[in-house]
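The form predicted on its own is given below as one chain in structure tokens.
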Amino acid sequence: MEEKTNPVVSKTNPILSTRGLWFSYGEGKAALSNVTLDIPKGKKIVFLGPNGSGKSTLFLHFNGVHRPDKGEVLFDGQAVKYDAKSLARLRSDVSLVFQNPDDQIFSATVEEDVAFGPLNSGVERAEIEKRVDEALHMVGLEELAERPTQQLSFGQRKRVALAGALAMKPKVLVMDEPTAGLDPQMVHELLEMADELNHAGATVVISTHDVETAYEWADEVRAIHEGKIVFSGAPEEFFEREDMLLHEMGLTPPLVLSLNHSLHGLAGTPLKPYPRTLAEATHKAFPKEGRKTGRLIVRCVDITKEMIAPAAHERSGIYGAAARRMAQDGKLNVHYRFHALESGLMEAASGRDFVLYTDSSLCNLAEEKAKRLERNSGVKVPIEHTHGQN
């Protein structure tokens, strides 16, 4: 496959970069061929490509597991060095979650495994305990802290591997096929967690075969095929390249984008702006003049405060790790326990009020999603913020 676009070299300071990267396993064919790319700081980046395309090999270069045969990797503008001290520093900033959790879980118990990285980075014991507690709550394994890792299911082991990466408090979180083998609820929880980390300033990089996830979630897409970067740019631009998708990379367009094209052909609906979510596509497909919308009522919760669980609103949900933990502890009584923000926007756009409980640090994420809904479908959802739980 010929490269469809020029390698994207950021005009601002990228957090991760490669320059002319080549790598081979032994004497075989090059697994990576002249890979030059930038990962912008603070973005959500998805890598797409068929099995064997080089995604995992490239990810193993991002935190120094592999050393290039030729070319270089840069972190925050500085070339990566491969002495023990430099690699330890790099891996405290760039956490990698492997596709197979058994490749990185080796401690006897869950909490020991999650604590391993911070412990070996010289973090103080009190801070390690705090990080382990926070990481296990984020992935929903707080009740299994003392469980032997050999007694965990595959999905639970994937959560442990993710918790170990989160405990490092990385600037960049790199996840290789993180949604593979997870149930739908955990997939949504993982993506919410990734949004939360990104909102707090972390750069999040994932690989996936799930085109629906890539299209809805990513800020930018990188496509890799036979060890070469063949596309870098916006998700909408990538999924318009049907020649590449259907004939060479074995991918299909997301359903939301296909629906958008069908509406354009059948009803003359403008192609742009492209809807990115089901809510956006639905309201673009069925516009109503003078549509009366409901409100998205965002209630900012504080996990440190005692409270009486409020009565469940007819339409309510949780978003983010803090609200999820409160719901698990019985402090919140809600209907939607995952995918609640998109569901809330859909309900509000359809004329019904929706109450969304979330941590105060995430409140403006709801506004960002509502603005995108208005931009892509023309529906404006009013947002009301309330502090406190009642």
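Numbering starts at 1 and runs along the sequence shown. Predicted, not measured: the structure shown is a model, and the values here were computed from it.
FYI, the form predicted together with adenosine-5'-diphosphate (ADP) isn't displayed, but the following is about it.
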**Q.** Residue stretch of 45-53, 332-340, 346-354, 359-367 approaching adenosine-5'-diphosphate (ADP) in the model of the complex, non-hydrogen atom distance within 4.5 Å
**A.** 45-53
**Q.** Heavy atom of residue 327 within 4.5 Å of adenosine-5'-diphosphate (ADP) in the model of the complex
**A.** no
Q: Would you please decide whether residue 31 lies within 4.5 angstroms of adenosine-5'-diphosphate (ADP) in the model of the complex, comparing each non-hydrogen atom pair?
A: yes
Q. Taking the shortest heavy atom distance, is residue 63 within 4.5 Å of adenosine-5'-diphosphate (ADP) in the model of the complex?
A. no
Q) Across 126-153, which residues bring a heavy atom to within 4.5 Å of adenosine-5'-diphosphate (ADP) in the model of the complex? A) none
